[in-house]
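The chain below stands alone and is given as structure tokens, in the form predicted on its own.
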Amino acid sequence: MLNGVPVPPERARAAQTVAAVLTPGRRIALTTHVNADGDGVGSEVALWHLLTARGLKPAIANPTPVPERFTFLLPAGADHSDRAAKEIEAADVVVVLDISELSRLGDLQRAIKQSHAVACIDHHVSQGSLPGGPRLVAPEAAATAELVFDLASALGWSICPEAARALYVGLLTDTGAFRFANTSPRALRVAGALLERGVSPESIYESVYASAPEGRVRLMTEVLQTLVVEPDVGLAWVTVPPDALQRHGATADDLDGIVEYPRSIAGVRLALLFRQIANGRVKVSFRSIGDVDVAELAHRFGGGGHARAAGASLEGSIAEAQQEVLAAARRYLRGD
């Protein structure tokens, strides 16, 4: 209990299996899913600090650039995402954080398939498709950051202030600033332990939530104008116009949180956000309230996630994806 919160025995045992491949002298690559969120970035940055303190030389190698609002977490020289595939190929061990599906690793899939050792730290509900290797996976955890905290605690590693800050960002963002259903008593205890290491909640709030570029706000305004609500079934959705990101100089990260607005409407139990992505596919974000399990719904379309927050991507146009997903959502909400 070095860091102040007891670690469940099964997580402690899993932590030991991950630690067995993280030995001095090995080259370690840390990566997370495309369009990384605060939990993915926070978890890998924290692990970078933890491994560096143990004398290892880790490198962050993501399939897409770290979103601008999380770059304040990056240590100098830690991010090698501009040459991610080469880092993955040269690594003795790859640690995949906040995802266990190869399909979410973009252009790094081939290199990771061929890696010598692939460890995974994740809290999503999925069997995963990564190559075999040690796993620290707990779907009941509030965030992957909670599991990185457990890894350090189980191994007797102290958490420096910089790692604590990164882990706090992971917890904060994946719990919706401690508002979502995954905000467990344990998550709050972990957050408290991180605050004791000098984390400043106000400065993190300013960096993550109060430093939006003008384009993000204008993008949100345009997307919300597409809002459709079907109160009879408790369904609402918004659509990102195909050229909206380019027109507003925005990125996919700037869409984060917009789907919460339709979810906040009284009587809405399921909210969706549709947007066109590369290769003729449409990304669908699912959010819910109450007993609506969107992970189950997203799984029908090859996606996954959590009971209240999930995602999937479908081939075709936005109109085709909406027709298919909305029909399934209506049936699900009606209990058909």
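Because the structure is a prediction, the values reported are computed rather than measured. From 1 onward, residues are counted along the sequence shown.
The form predicted together with ligand AMP is left out here; the points below concern that form.
Please pick out the stretch from 264 to 272, 299 to 307, 47 to 55, 65 to 73 that is in contact with ligand AMP in the model of the complex, where contact means heavy atoms within 4.5 Å.
Of the options, only 299 to 307 has residues within 4.5 Å of the partner.
Just to confirm, Ser285 within 4.5 Å of ligand AMP in the model of the complex by heavy atoms?
Yes, Ser285 lies within 4.5 Å of ligand AMP in the model of the complex.
Decide whether Ser313 counts as a contact residue for ligand AMP in the model of the complex under a heavy atom distance cut-off of 4.5 Å.
Yes, Ser313 lies within 4.5 Å of ligand AMP in the model of the complex.
Wondering, does His248 line up within 4.5 Å of ligand AMP in the model of the complex on heavy atoms?
No.
Does ligand AMP get within 4.5 angstroms of any non-hydrogen atom of Arg165 in the model of the complex?
No - in the model of the complex, heavy atoms of Arg165 and ligand AMP never come within 4.5 Å of each other.
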